[in-house]
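Encoded as structure tokens, the following chain is the form predicted on its own, with no partner shown.
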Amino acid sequence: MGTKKALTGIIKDALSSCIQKGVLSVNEIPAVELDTPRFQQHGDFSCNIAMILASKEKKPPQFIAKSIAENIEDNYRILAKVEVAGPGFLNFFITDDYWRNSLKDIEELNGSYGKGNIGAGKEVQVEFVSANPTGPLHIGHGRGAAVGDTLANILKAAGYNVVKEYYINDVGNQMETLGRSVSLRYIELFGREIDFPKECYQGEYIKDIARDIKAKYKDRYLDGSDGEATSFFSVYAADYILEGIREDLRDFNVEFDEWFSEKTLIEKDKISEITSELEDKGYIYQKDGAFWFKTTKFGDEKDRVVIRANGQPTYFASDIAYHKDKLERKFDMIINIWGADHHGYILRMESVIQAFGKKKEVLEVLLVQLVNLMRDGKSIAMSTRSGEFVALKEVIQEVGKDAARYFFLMRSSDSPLDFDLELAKKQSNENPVYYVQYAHARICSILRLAKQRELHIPRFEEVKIDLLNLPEEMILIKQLLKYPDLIERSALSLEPHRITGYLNELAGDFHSYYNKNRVISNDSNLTMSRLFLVKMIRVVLKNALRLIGVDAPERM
């Protein structure tokens, strides 16, 4: 059992005792929340349960806190002492022995350490990236990919059943524009004059696709009808680009469980189906020849067009049909990861969820802010082959997959991110991902040295665990034992950036400890204890790095 869960149980038992003795009269014990105090002198955990109960009990919070403290049984070996502080906080001090003995949990669980069951098998879909197949992925997509993939890993570790999904926008005006763009570049390759409209896709990749078609099909499509040619070029270009997207994502260590084509919604006539259903429910009405969704009924500033007067569905119509499909697949939670420019779209999609009879909380939307690319601290507009954006592929090629993923995850997704290319390449402690990976590699080096000296790498029962009594050793132990709670909090808050923050702290604590203390020394008992400790640090570093899709190298 984790430290926080054990302590929560102790507090609840004390509250039950207070109720039985008539000190408190509350019928139902509220949720017990534990926080980590900012200052070490305030204990390992603090709890504000007394202040929560004060208004219901009509008693001073200090009196309630003191009553709870007095009703904690003495036989709990986990607690060194309990203090009542300030307006009624309960501060808990955990015994060093409890912390040290809890290291056994890490050894026993090893690669599964940190995993929990807060998700209780609930079905979750995480839809992310979903870039239109009209061009290569750019660094904004890269940040969304890192956030989505890591969040899915966290949710799996927390006990949810997760489906990672990519929604392919492969119908609509943008696909016609794509086909026309490639068709014109194809014609141009045969020396013919063309008028290339500014609304067409301008990137060099369009010429690459045209050259690929010419190499395969020669002049077969040179004099075809415009409609026929555009249709062929649209499909070919979309497939070509989508394969490039898949390849970029594989290189970025991102694999999807499902690739959902918008085209299937059209082929199955799903838009007409959901329009009729919502019209019958009174959520869609006709006006000026168009069909409108009553999003104002759910708080939107105005109703939204679903089917235009010319009979063409809007993007909103496809999104309604797609989210209806998600609901029919019976996900308990639907998570969409969108660019920050989609902020105004959230409310209308919540309207859709509610119109189909679900609570809006079923849908969670994470917005991913822009990435500011930098070099040596200065913003840059890095030239690319497309001339339009910084391609994700180029960033991966320059700094590597690990550094790219780590840097994308160093800030909350709803905060702008500065990505310094030169910093991401540095082989020094200034580079956060190098700093963390080096901690893992350094431990591997220590363990290799121990084996070279024919030292046995011990198990928990083989060490004198109480020899780990330095303040910096206790700091490390406590950091390791925070990890399961970190995963749980990251899953509940949908905040994958918490993992990189934790890794930075753990690596910093280890490097500081190592620089002051010898792991392998002439004291055999102390050596065994410290070898066990660093072995446990390695387990947690590796597990956390795996969670964010970053390698844990054994040599650097």
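Rigid core here is just the name for the largest C-alpha set that superposes within 1.5 Å across the two forms. If you're wondering where the values come from, they're calculated on a predicted model, not measured in any experiment. Start at 1 and count along the sequence shown; that's the residue number.
We do not show the form predicted together with the RNA, though everything after this point is about it.
- Remark: Y315 counts among the residues lining the RNA in the model of the complex, judged by a heavy atom distance of 4.5 Å or less.
- Although the partner is absent here, Q354 lies well away from the RNA in the model of the complex, with no heavy atom inside 4.5 Å.
- In the model of the complex, the RNA lies farther than 4.5 Å from every heavy atom of S524.
- Contact annotation: R308 falls within 4.5 Å of the RNA in the model of the complex, judged by heavy atom distances.
- Contact with the RNA in the model of the complex, judged by any heavy atom within 4.5 Å, is made by just one of R220, K281, K216, H342: H342.
- Residue-level contacts in the model of the complex: of G86, G121, G111, P471, one residue has a heavy atom within 4.5 Å of the RNA, and it is G86.
- Stretch 369 to 377 is the answer when you ask which of 243 to 251, 369 to 377, 325 to 333, 459 to 467 has residues with heavy atoms within 4.5 Å of the RNA in the model of the complex.
- For the marked spot (D35, R411 and S445), a heavy atom within 4.5 Å of the RNA in the model of the complex is present in each of the three residues.
- Heavy atoms closer than or equal to 4.5 Å to the RNA in the model of the complex belong, across 274 to 300, to the residues K287, D288, A290, W292, ordered by sequence position.
- With the core held fixed, A120 shows a CA shift below 2 Å between the shown form and the other one.
- Fitting the two forms on the rigid core leaves the C-alpha of A85 displaced by at least 2 angstroms between the shown form and the other one.
- With the core held fixed, D418 shows a CA shift of 2 Å or greater between the shown form and the other one.
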